[in-house]
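Only one chain is shown below, in structure tokens, and it's the form predicted on its own.
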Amino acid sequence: MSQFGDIGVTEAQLDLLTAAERFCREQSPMSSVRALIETDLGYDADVWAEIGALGWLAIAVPEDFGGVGLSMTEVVPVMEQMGRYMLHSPFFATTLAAQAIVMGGTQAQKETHLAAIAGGAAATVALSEAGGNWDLTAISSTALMTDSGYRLSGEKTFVQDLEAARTIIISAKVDGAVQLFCLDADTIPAKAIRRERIIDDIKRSYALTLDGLVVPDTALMDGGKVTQTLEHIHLVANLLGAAEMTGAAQATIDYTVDYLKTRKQFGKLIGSFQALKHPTVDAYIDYEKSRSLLYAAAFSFGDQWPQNDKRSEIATRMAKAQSDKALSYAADRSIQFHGGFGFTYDCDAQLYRRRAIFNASQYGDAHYHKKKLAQLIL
């Protein structure tokens, strides 16, 4: 059997791609993106409600729990278009939480929380901690069993869209073993939440202090599926991150080419100069590689189990590494090609470069995934 996954697209993917492109283009012009940067939540509540009504949060939720019953394969084109038009919402965070519950939730948690998410409720995951270790099992937060439930301690970082979430998945060690907890976000006191200042102004990220937080026994997720669940979340996060960056790379190239076709220097359009044409072609080639690897990863994503089948993991890590490279290069060249204006906040190129830097910091950058690939392939 080949180590590598197949490439292809499903009919549902194509339908969702068309619908998502139109929706994101109409709902997220750059003027709206920049206006939302100045708001607390960072997203348009009406647009988020429409996303829920469209059923996009239910795509990869099983039908038994109110979902559509498709897979992450069909979520990818939606995330790609959100990245292309910089449409921020809790979609990424909610999808991670939903997949955590699908993989490692108890029957009661699935019935309660998946139904809410499929209906449009936001959710998130609190798995990362200070130190930036991308191994989700490398944590120091703890949970101590008491008469009133589990008493948590520690601090989580990079909890995306926590202020919007109604459900949150938290990791902590119980007697030295990592466990996951699924709880209502409204049980968390406001003083435990602190907004983080991150390089991507469009996204929203929070630190969460767990000290003193007591959660009921029913919040504990399936202890026998923790490893499998964390591995699944890690791959889902990287698949969606690759989709978001691939879409952003396309937008960056379009934005740059438009400028090269209108800006004149020495009486000629600057796009006619080879010094600018060749790097632009290089950026486009990187983008095409990124999109091919993304859709190969999406097509084979369901092959990640059983655990001895590594095709999906290989494809996902390749997609994340290439998308990181493609967006970073395209955005960097765009800033340079815009000259002095490219270094200002008014130039959209910096938004794409910030997106590349932040996404690389979450769940592994290109270098990290290439090291993992070497272990898987060689």
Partner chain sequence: MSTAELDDFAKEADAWFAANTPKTPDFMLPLTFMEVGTDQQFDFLRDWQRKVYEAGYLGAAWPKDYGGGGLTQAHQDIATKAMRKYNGPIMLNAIGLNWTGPLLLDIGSEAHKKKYIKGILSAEDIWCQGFSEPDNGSDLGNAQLRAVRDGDDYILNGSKIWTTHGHYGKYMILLARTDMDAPNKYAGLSFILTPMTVPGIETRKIKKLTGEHGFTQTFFNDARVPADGLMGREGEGWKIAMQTLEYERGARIGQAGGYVLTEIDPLEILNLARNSQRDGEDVLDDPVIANHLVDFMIENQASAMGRKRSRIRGLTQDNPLGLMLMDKLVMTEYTRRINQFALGLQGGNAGYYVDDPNAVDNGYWHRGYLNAFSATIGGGTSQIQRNIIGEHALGLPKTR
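All values reported here derive from a predicted model rather than from experimental measurement. Positions refer to the first chain, counted from 1.
Another form exists, predicted in complex with its partner chain; not displayed. Remarks below refer to it.
With its partner chain omitted here, the record of contacts in the predicted bound form names 266-274 of 118-126, 96-104, 187-195, 266-274, defined by a heavy atom within 4.5 Å. In summary, among the residues F301, Y295, F91, F158, the only one with a non-hydrogen atom within 4.5 Å of its partner chain in the predicted bound form is Y295. The partner is absent here, but in the predicted bound form a heavy atom of M318, alone among M318, V61, A349, I51, sits within 4.5 Å of its partner chain.
If you check its partner chain in the predicted bound form, you find a heavy atom from every one of D6, R84 and K261 within 4.5 Å.
Its partner chain is not drawn, but in the predicted bound form it has a heavy atom within 4.5 Å of I285. Its partner chain in the predicted bound form comes within 4.5 Å of no heavy atom belonging to Q109. Taking the partner from elsewhere, H234 is found to have every heavy atom lying beyond 4.5 Å of its partner chain in the predicted bound form. Its partner chain in the predicted bound form is not approached by I357, whose heavy atoms all lie more than 4.5 angstroms from it.
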